[in-house]
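What follows is one chain in structure tokens, specifically the form predicted on its own.
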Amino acid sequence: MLAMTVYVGIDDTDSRTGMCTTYLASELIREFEEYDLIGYPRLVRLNPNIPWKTRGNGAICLRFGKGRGGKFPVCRIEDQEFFAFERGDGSLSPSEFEEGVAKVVESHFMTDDENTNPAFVVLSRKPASSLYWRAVRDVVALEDVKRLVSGNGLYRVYKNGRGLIGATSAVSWRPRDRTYEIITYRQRDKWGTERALKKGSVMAMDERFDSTFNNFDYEEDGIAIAPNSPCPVLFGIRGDDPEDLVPAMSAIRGEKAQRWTIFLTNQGTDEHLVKRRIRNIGKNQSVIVQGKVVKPPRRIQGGHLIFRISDGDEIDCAAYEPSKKFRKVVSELLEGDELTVYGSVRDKPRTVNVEKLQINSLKAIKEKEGNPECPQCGRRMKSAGSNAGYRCRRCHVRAGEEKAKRSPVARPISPGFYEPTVSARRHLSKPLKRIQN
């Protein structure tokens, strides 16, 4: 089967103890350097609620062919720089790539981890984008993907082959919103050791390059661009302008990277979220729900806050301890406040784990200034008892509780968006910086 260009998708080669699927992108670029890379390599994050995911549930896709138009740098391995083209064509067969992709995957995936189940595809055409939307928002059956791939190229699976879902879904992604990330990788002998980055340089980079986001956690006074896992990644910088990423990377001081790759991504786009009524919320989904607070926040063991909203039906929402000062906002919510909650659904107990929050309106609170005045004599009336209103002892005139003098009380929070601290944000969650710019 010949194709104008071919698409290579890979997923599930990493584990919680090592490797990173994105690392294989640079290995593929080097393996197939006799072909042209078309467009940026793609890093596609899928449903973050999938229980069997390894770490960030990210898959990669690269497109090869004969490059046309302008070219731009996308990867450097030691002193060798690799470029991609704006567009491409060609006359390629997926079979030309099968053994090379297999060699890269088989030499890098974490074979001993029971949760690592790799797969790759080499496709002649992009599958329908509906596959991506299902994979980023719901659960996709492996057999459905096998049928979809059949006749459109080839695939290879390892162990239970679940990675085929992510690999094919990454190919099917057609960007609406998009961001970019430059990921740097460590020297091999550094893998698994503590990363050494200069905190001040990360802060300076964050201030200098406004198109980047989620670089530094100012609440925790910590670097947010470096992972905590023993994977090959040194750090990654995300942003809206790919031309800012290499200069931003170069501004970081400390341990030197052995290689880097720039990816086109769906990170920071909120594409995992779907607006739903509470009654329609399902397991393993990420949702946007509007409702009124019917039970104010309560603190549970671990410092987490739980509150309940209703749109006719009710559901609990949780702000977890790692969200830090965000919990202070949540703690000020009162019964009657109207909210839009963005978050992922935990099935047991059924809860929306809050990724960000929009306060649409706040219940007005008034503070009693004094008892009402008697309309006949003008003197201050006295309480007639608990919830019994007021009476004038001289004139015997009565007045209801609503006649007391009250003045508005300023709430410590106001309508608008609120989000957790940087280190508590998910890959797919759109930061307020991108919403407000």
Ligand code: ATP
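Sequential numbering from 1, following the sequence displayed. Because the structure is a prediction, the values reported are computed rather than measured.
Below, we turn to the form predicted together with this ligand, even though it does not appear here.
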So which of 55, 66, 411, 391 gets a non-hydrogen atom within 4.5 Å of this ligand in the predicted complex?
-> 55
At the 4.5 Å heavy atom threshold, is residue 46 in contact with this ligand in the predicted complex?
-> yes
May I ask you to check whether residue 138 falls inside a 4.5 Å heavy atom distance of this ligand in the predicted complex?
-> yes
Contact of residue 134 with this ligand in the predicted complex (heavy atom, 4.5 Å) = yes
Is residue 399 close to this ligand in the predicted complex, meaning a heavy atom pair under 4.5 Å apart or at it?
-> no
Is it true that 21, 50 and 162 each have at least one non-hydrogen atom within 4.5 Å of this ligand in the predicted complex?
-> yes
Can you check 71 to 79, 299 to 307, 138 to 146, 257 to 265 and let me know which stretch has heavy atoms within 4.5 Å of this ligand in the predicted complex?
-> 138 to 146
